[in-house]
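Only one chain is shown below, in structure tokens, and it's the form predicted alone.
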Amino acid sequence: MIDLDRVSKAYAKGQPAVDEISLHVDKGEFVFIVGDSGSGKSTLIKLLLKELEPTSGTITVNGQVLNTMKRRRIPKYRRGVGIVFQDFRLLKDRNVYENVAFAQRVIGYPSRVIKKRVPETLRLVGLAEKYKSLPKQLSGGEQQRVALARALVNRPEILLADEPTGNLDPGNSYDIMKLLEEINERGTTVLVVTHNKELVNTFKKRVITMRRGVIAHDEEEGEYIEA
């Protein structure tokens, strides 16, 4: 599903942000990526989204080599990769329904598909009754659920979550992680970047620990290992 072969990314002279990483993630896996600030986690996510190009090495996602992918194919590739951020990034002037529908409208889905998919996805994240609410009328946990719904509405094979609980209290953080686990159990490959030691140790998934641009530890059913 995801393969990195000796991938490096250097922004300038000095230590690369990612330094000759080799990594394989199977279809349907749930992986935590942990490490201190500056360890290379966010760079790794941007490489998988093809927001950045590697300095060296090869990145293959679902059989597609990102290094040689033509620019015109990038939007289609990204439809298969959902992304959730720490700061929600919702459209403040649109309600819950329209925030989720926007992800389908922007790539030209017909109205009949949108009218079916959006309510289905809102039910999945537990927000079916909030479809008319504006973001400012929602709690932080609810806003992150909207962001999740938006990432999932196009039914991506891979979901990348970059610090999805960073702005949430412990209760909401657990609920969001439990929802990510349920999404994974439906077949979606999930990669979660997080600093939340308690959640990592509670959910007992594969844990990849990054340190200074390299993979320091890679453990099945691992724990958060301090740098």
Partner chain sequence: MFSLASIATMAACIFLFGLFFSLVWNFTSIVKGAEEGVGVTVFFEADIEQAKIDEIGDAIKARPEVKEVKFVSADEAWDEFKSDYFGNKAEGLEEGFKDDNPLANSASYEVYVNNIEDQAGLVSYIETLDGVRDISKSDVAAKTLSTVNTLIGYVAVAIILILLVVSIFLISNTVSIAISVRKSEISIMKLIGATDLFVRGPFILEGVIIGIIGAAIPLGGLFFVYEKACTYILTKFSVLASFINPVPRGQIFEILIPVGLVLGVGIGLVGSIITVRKHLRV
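Please read these numbers as outputs of a predicted model, since none were measured by experiment. Residue numbers count along the first chain shown, from 1.
Separately, the form predicted together with the partner chain exists; it is not shown, and the next lines address it.
Position in contact with the partner chain when the complex is considered in the predicted bound form, options 75, 119, 140, 126, heavy atoms within 4.5 Å: Exactly one residue meets the criterion: 75.
message: Give me the residue from 36, 198, 51, 181 that has a heavy atom within 4.5 Å of the partner chain in the predicted bound form.
response: After the contact test, the surviving option is 51.
Residue 91: touches the partner chain in the predicted bound form, heavy atom cutoff 4.5 angstroms: Residue 91: contacts the partner chain in the predicted bound form.
- request: Indicate whether residue 102 is a 4.5 Å heavy atom neighbour of the partner chain in the predicted bound form.
  value: Yes, residue 102 sits close enough to the partner chain in the predicted bound form that at least one of its heavy atoms falls within 4.5 Å.
message: Can you tell me whether residue 83 touches the partner chain? I mean in the predicted bound form, with a 4.5 angstroms heavy atom cut-off.
response: Residue 83: yes, in contact with the partner chain in the predicted bound form.
message: Does any part of residue 95 reach within 4.5 Å of the partner chain in the predicted bound form? Heavy atoms only, please.
response: No, residue 95 is distant from the partner.
- prompt: Does each of 9, 12 and 43 have at least one heavy atom within 4.5 Å of the partner chain in the predicted bound form?
  reply: Contact check failed for every one of 9, 12 and 43.
query: Of these, 43-51, 167-175, 183-191, 198-206, which stretch puts a heavy atom within 4.5 angstroms of the partner chain in the predicted bound form?
result: One stretch meets the cut-off, namely 43-51.
- prompt: Counting only heavy atoms, which residues in 133-158 are within 4.5 Å of the partner chain in the predicted bound form?
  reply: Residues within 4.5 Å: 150, 154.
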